[in-house]
Ligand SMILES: Nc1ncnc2c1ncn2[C@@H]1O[C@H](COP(=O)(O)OP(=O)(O)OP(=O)(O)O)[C@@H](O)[C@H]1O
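A lone chain, given as structure tokens: the form predicted on its own.
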Amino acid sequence: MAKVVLHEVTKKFGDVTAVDRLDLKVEDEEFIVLVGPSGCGKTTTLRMVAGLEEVTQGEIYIGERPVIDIPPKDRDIAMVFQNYALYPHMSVYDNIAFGLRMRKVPNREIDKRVRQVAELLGIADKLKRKPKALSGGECQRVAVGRAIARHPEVFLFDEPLSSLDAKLRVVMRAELQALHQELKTTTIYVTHDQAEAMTLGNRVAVMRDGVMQQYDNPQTVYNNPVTMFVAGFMGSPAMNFFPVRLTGEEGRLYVVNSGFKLKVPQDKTGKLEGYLGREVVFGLRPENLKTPEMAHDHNPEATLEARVRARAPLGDELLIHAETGGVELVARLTPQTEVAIGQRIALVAEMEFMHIFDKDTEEAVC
């Protein structure tokens, strides 16, 4: 079994806590993604699993072995770095073979593994080239190939696609996904790109300031964020947030601010009764704001008016930046929507997809 378990793992650099009492369990053959902004502790976590950073407190297990006191070379892991970390004076063949030679694997076995990996990654015709003669995507394949050839129990990826252009990143995501389906090696992948996290991970761990905010499958994290931070980080454009007051009239609940009054769906009212009359934060994703023509149900009690401040046509969609009640919002509309800067526009809020957060704790209420 190649599961990885972190139990109350803490890492301090002097007085700064980079990772704070992290509990994380990665099942055998699972692909999990650590995601969050720069400085949230995700790379430090990966480096502790690899043995490249000492653990201040806590335990790390690979399989059933505690590995805190085991050096990196004996942990049976392979790491792929952001900058590829290839030897520039060595050929592709020798870069892939390097780790195997260090472990004194027989030459015949080395040759077999190198050629198998090169074929798998589509670089079999480049084995004699040196890194300077390769593209960024080819260098990344060599780095991945070097890791695969080791046959490790665990792969660790530290933002491996961040230096590639946008088109190549999409291609490499698909390749890494297909590779995991074939190899089934337990994988921990670090990125700040939420699109990568959503695409690649069986589960996603969202981190902030060294603390794990949520750990679940990508769709659950997106649809049911447990905090405002997770709601705002996962999704592009980010979720819209509005300061509102919850009011009640004739057995109905409404979210109200100076720009709108929207009815809360009946199935959500039970969770909000304790917040009646209080200020909360109302969240709605850009795709859940539609023009009346786009909406399935043009309900006046779910409609707000906003003034358009900017428009961003993206070919397959139109993003509009608008303002209502002194709050900025973004709506994702069809590219055929005719709207001009300065125009007032009606937007229907799909209230079944609404989120309410506690104003003070920023935790999700519903």
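Treat the numbers as computed from the prediction; the structure is a model and nothing was measured. For every residue, the number given is its place in the sequence shown, counted from 1.
This next part talks about the form predicted in complex with this ligand, which is not shown.
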Heavy atom of Ser38 within 4.5 Å of this ligand in the model of the complex: yes
Do Ile345 and this ligand come within 4.5 Å of each other in the model of the complex, heavy atoms counted? no
With a cut-off of 4.5 Å between heavy atoms, is Ile356 one of the residues that contacts this ligand in the model of the complex? no
Give a yes or no for Glu159: in the model of the complex, does one of its heavy atoms lie within 4.5 Å of a heavy atom belonging to this ligand? yes
Can you say which of 335-343, 60-68, 305-313, 30-38 gets within 4.5 Å of this ligand in the model of the complex, counting heavy atoms only? 30-38
Residues within stretch 10-26 having a non-hydrogen atom within 4.5 Å of this ligand in the model of the complex: Phe13, Val16, Ala18
